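Form predicted alone, single chain, as C-alpha cells, below.
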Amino acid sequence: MAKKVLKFGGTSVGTIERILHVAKIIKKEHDSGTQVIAIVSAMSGKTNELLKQSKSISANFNKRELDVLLSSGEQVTSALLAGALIEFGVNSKSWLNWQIPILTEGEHSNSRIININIKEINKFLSEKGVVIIPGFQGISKTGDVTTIGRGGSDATAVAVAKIFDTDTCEIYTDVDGVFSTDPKKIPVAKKIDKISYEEMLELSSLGAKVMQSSAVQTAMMYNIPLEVKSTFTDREGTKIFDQENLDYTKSVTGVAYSKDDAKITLMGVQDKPGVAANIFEPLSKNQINVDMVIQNISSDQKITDITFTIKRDDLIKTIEILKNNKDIKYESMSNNNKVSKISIVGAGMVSTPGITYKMFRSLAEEKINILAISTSEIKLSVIIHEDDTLKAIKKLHTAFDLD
C-alpha cells in the first residue's frame, strides 16, 4: 500500500471553499487505497496578521510567546481540514505538534525538527485514517512550542516523509509546478517537468518561492522524491530528484532573482591573514547571513577592498557592528540597499563553455551595470541596480532559450 505526504500551502487552504476542495483531493487519494499524511500551512495572510498583532503590542515581542502565537494559524487549518474530511465520510484526525510529538532543537522562530514519534500515527493509518499535521512547528525538549522559520511547512513535510518512510512527498501550491522564472513577472516563463535537487536548491535559495531551501536540502540528503503541483488544476507538476536520472537538453534551467539584498563595501582594508575572519565573525554571531563576498587583489599587498551582500533588513545592524569592530581597520565604508541579485541556474552549465560570456554580453546589450559577481558549478549570480531587475530577467530568459 502506497504511503504519501501531501503538503498544502497557505493559498491552497486560504478560504473555507479551498479547504473543502483540498479535502476532496485527499479523499480521492484515500479512496484509491493510499495512506495519506497531510501537512498544512496557515490560511494565506494569517501568519502576517498574527505577526502584525504581536508588533502592535511590542516591537520586541517575546520570542517564546511569538512561537505560541504564530503556530496557532496551522492548528486552525488542521482542525478545519480534518472536520471537512469527516463531513465527507473519511476517518480523519488532526494531531498538534505536542500531541505527536514533533521534537525540535534550536532557538525560537528558527528551530529544526530532530525526531517525530510515529507509533500512534502509523496505527491510525493502518486503520484507514487520514492524518492531518500542522506544518511549521514542533516542541522542544523542555516542552516549549517552537517554529521552524517562514515557509517551514515544507520542512515539516519532508521531515515527515523521511521519518515515516513514505513513497513520495507532494507539495501542493497555487502554480502548476516550478517555472523557469517568476511567471507572474514573465508571462513567457514555462513549467519545468523535471529538475535536480541541486538546481531546485539553488533556485529556492535565490528567491524562487515555490519551496523552502532547507526542505529541498533535506530531500536531497535522504533522496526523497518530491513533486510540486497545483491544488487547482489536474496538470502534471514538476518532479524533483537526483540529477543522475535527468536528461539535460539545456545548459540553463531557470533565472532567479531576489530584491531584498544590500551591498556593503569596505575600502582600504588592511590586507593581512585573518582580516576576513575578523570582519565576518561578529556578523555570524549576530545571526546575519552573508551571501556574496568579493575581495579585490591587492597590488601592493597592503590594502584591499572587500564587498559583500546581506539581506536588506540587516543593513543598519551590519553597519553598526562594522563601525564598532575594533579588530578591523579600513579607510571608508559604502553601502547600497537598492540592489537585486540575478542568477542563472543549471546543472548543464558546468559542461557548456561560454555561459559566463553570454550572460555578461546579454546584460551589456541592455546597458545593465554589474556591481558584483559570484559563481559556482551550477549557478552564476550578479548584483545589479534594483531598477534593472525586470529588464535583466527578460533578457536572460530569452538569451538562454527559456521563453
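In this text, residue numbers run from 1 along the sequence as written. The shown structure was predicted, so the numbers you read here are calculated from the model rather than taken from an experiment.
The next section is about a form of this same protein that is not shown, the form predicted in complex with a small molecule.
Heavy atoms within 4.5 Å of the small molecule in the predicted bound form are found in exactly one of 41-49, 359-367, 330-338, 22-30, that being 41-49. Although the partner is absent here, G152 sits close enough that one of its heavy atoms falls within 4.5 Å of the small molecule in the predicted bound form. Interface membership of E199, defined by any non-hydrogen atom within 4.5 Å of the small molecule in the predicted bound form, is ruled out.
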